[in-house]
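Single chain ahead, by itself, as structure tokens, in the form predicted alone.
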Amino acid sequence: MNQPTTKENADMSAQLDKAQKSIDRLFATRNDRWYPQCHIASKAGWINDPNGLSYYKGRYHAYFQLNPYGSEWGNMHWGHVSSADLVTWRREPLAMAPTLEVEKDGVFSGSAVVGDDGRLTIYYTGHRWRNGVNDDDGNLQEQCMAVSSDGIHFEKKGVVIPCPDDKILHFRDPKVWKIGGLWYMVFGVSTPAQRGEIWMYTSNDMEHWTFDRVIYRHPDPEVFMLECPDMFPLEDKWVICYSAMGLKPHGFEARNHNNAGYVIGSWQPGGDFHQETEFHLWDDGHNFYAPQTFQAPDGRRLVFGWMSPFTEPIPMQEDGWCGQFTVPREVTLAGDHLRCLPIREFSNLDQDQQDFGPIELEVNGSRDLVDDAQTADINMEIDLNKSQAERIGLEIHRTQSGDHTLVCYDDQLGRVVLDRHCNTYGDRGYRTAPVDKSSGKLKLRIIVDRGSVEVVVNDGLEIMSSYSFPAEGPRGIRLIAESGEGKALISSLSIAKLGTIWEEPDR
């Protein structure tokens, strides 16, 4: 491992100061019309992947890919927020900036662990463009290491795993964990044959790493890269998750530009991974990518995803910021797939809850529930056995212009639908999630922020995350029932406002 010089580490302080001043300039003109109140986002600039999720010295740490110089992707730094309780978050100083030759075009994604010496240790990808400008000729990527005694200030240690073949064009996103006395690392690779694989390395001392095996290879030859891989245990199973580049849409599945999902199977240290399930999407919405998990001190497996604005137009880029996390979710095993629920602590943000009780709505009827909701935590149960309407749901972010995002159960499809076709701003289209109707009831939890909607289906058996950019004016919530042979029966419905997650609000 080639140790960076004292000067190279000192340079990072100057680069971080420069980046922070740029963030402050962008913030001065930030438009807050869609800026989130209850989701993690940078104060300004572009963010993408969650990085380095960890618990260290009494606080949860969430780092993220950040461009401090604009609201488009590029100039990758690491931003940072922290929390004592996963509910109220503090903005921390920017964590890392490019200063080494191996990372001159970006400090890319990675993970964090508490090392054998008690320091917080980050593994990340140092990135360079082969042609010095863009990825037309591929990337030069190597796995790097940095350490911190406080989770705030980092000392870079340099490259720990160099790229072994100059024909490899993608080689990034390390995720690290420990079993017994051995450390394990997985990261994504696009092989010289342009096949998406996940490679595993091992180490006794966290610095010297040895190739172990290809732990997973995507079966589809069109999938050329598996970004942001993760590997973790749940009960007696192991989960491998990744963000697939090149996966083609089929039916309702994989409709986004790139798609994040997982497979479940069995694995023993020193052996191969044996896949036991089909690939399943983490999230059925328009905007979800690059999730990363970590284990909380109480043993829960938690995950954040990036709400990825891949498809243009991306109107928030005009507002001096772009990108946010999902709400934190707890991950548990549910047979052949994962259950993802907003963490229980998230309900601490609920304020001024209104209970609307059971509601019967006539066919093609509607009922205005809230005149103006910047944020909302909605819990709703539909009696499918007693309802005969073809569509039953809520128009979210409804403005006087008629703009809205519809979240509904569609009886013809037998699926939950999130439909943005009435939006003036941003990408439109719809996404769907399957529904298990065996109980005769459908439970929906809908988390609404200024520019996003997350829909939790049947206690997290499915979940959907999508941006929703409302038009000007008050943002109402309306209950609707469409067509069919009879009424819609809503067994229960409540709506609460959501408070801010920020310890010190920006304004």
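Note that the structure is a prediction, hence the values are computed from the model and not measured. In case it trips you up, residue 1 is the first one in the sequence shown, and so on.
The next section is about a form of this same protein that is not shown, the form predicted in complex with a small molecule.
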Next on the checklist: Suppose contact means a heavy atom within 4.5 Å; in the model of the complex, does that hold for all of 54, 176 and 294 with the small molecule?
Outcome noted: no
Next on the checklist: Between 230, 227, 395, 103, only one gets a heavy atom within 4.5 angstroms of the small molecule in the model of the complex; which residue is that?
Outcome noted: 227
Checklist entry - Which of 304, 209, 289, 262 has a heavy atom within 4.5 Å of the small molecule in the model of the complex? => result 289
Item to check | is_contact(residue 172, the small molecule) in the model of the complex, heavy atom dist at most 4.5 Å | outcome: yes
Checklist entry - Looking in the model of the complex, any heavy atom of residue 108 within 4.5 Å of the small molecule? => result yes
Checklist entry - Taking heavy atoms and a 4.5 Å cut-off, does residue 65 contact the small molecule in the model of the complex? => result yes
Next on the checklist: in the model of the complex, is there a heavy atom of the small molecule that lies within 4.5 Å of any heavy atom of residue 76, even though the partner is absent here?
Outcome noted: yes
Checklist outcome for this item: Partner contact check in the model of the complex: of 108-116, 130-138, 419-427, 214-222, the stretch with a heavy atom within 4.5 Å of the small molecule is 108-116
